[in-house]
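In structure tokens, one chain follows: the form predicted on its own.
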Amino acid sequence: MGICKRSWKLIWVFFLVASLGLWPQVSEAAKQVVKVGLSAPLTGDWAEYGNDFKRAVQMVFDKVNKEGGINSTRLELVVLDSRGDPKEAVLIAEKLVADPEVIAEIGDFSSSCSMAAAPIYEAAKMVQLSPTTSHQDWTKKGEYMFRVVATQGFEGPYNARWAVQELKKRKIATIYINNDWGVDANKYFVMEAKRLGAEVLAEEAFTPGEKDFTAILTKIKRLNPELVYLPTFYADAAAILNQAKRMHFKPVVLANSSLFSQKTIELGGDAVEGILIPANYFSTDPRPGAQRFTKEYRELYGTDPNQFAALAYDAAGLLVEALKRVGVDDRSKVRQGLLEIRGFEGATGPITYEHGRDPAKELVKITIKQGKWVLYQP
């Protein structure tokens, strides 16, 4: 008798919900949106990088949604601030994988953050697609790690050949940030520079957050290097070179693509004039993907983008392409969707994951001239 009463109650609730039209609406709503997480530094010393990510990914998703979404499913971006802190990146990963509506993650900016969070995404079989994580070992941490940027195993030797073979600099000193990325970036540059016959006079590391570089600069100035290599981020580089300028120390400076930001110029002023870096993208690149991105970004934001926006734009585009192939119902399938992509025409050049999850990249050489980033001319 008790069972019958409960059954009648369930039947009554079902008809009530159906009569109000609530059940179909909830079910349909759940199918209409799929979430993508974005983990990036939106505050702190690296905030400009994270906001580049946010602007570029959002413009891709807005365009896709305007065109009808992916099989009528809208993309919703869940933006979370890692502050460049690996502990925060881990908390973000735990939050994203616990939400069944999140199908993939874009980020983080730094290698330290991405490497700390990797085991959580791997265990959840959720793709971790980073625009900029370039540490050589990151994609070896699992099967769900994909990157867009060139690795330090590629960029470091590229920069060393530029310094030694093209610029003819034989006496070199390095100043690098002492985190996962900085150690990796310095290592691959120094290995290739030494192989090419250069003398590395000093390799000076500094702790993230350090503001006073006087002791390091005093030591390096005494060594009189022909070139200083600077694997750092924009805030550090601007501080280092402003302090060097006050010490009347103005060496030739070659750095990583990590400095390709307007913030480098805003914070560094005259001190960063003439600095040399490679880039994964530049606005005058004639390739169709680069020109399409530059035009869209200028129209939307009224300014030229940098490589971090371009790399994030490509990450978002790659994820959209993968979701079109495998659908939005199963996060574990996104990995296969990315692996199936061939010759994706991105803002940073063609991208294929045919031989692993580290795409081959072509770099361009740029410099700061009269307060602007321009193509480097020997």
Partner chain sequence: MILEQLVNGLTQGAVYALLALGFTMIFGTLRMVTFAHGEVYMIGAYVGFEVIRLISPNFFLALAAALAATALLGIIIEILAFHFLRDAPHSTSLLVTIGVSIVLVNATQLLWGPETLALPHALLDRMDYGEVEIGGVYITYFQVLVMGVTVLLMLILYFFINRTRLGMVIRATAQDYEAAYAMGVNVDLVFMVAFAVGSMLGGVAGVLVGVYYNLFYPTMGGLYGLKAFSAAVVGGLTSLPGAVVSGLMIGVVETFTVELGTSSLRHMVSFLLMILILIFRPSGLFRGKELVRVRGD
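Numbering follows the first chain given and starts at 1. None of the values given here were measured: they were computed from a predicted structure.
A second form of this protein, the form predicted in complex with its partner chain, is not displayed here; the remarks below concern that form.
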query	finding
Residue 65, heavy atom within 4.5 angstroms of its partner chain in the predicted bound form	no
4.5 Å heavy atom contact, residue 285 and its partner chain in the predicted bound form	no
Residue 73: touches its partner chain in the predicted bound form, heavy atom cutoff 4.5 angstroms	no
Interface membership of residue 239, its partner chain in the predicted bound form, 4.5 Å heavy atom rule	yes
Residue among 42, 339, 59, 326 with a heavy atom within 4.5 Å of its partner chain in the predicted bound form	42
Single option in 304, 143, 266, 166 placed near its partner chain in the predicted bound form, where near means a heavy atom within 4.5 Å	266
Listed range touching its partner chain, judged in the predicted bound form by heavy atoms within 4.5 Å, from 94-102, 156-164, 133-141, 198-206	198-206
Site test, 187, 194 and 227 vs its partner chain in the predicted bound form, non-hydrogen atom cutoff 4.5 Å	no
Heavy atom contacts to its partner chain in the predicted bound form at 4.5 Å, residues of 68-98 in sequence order	none
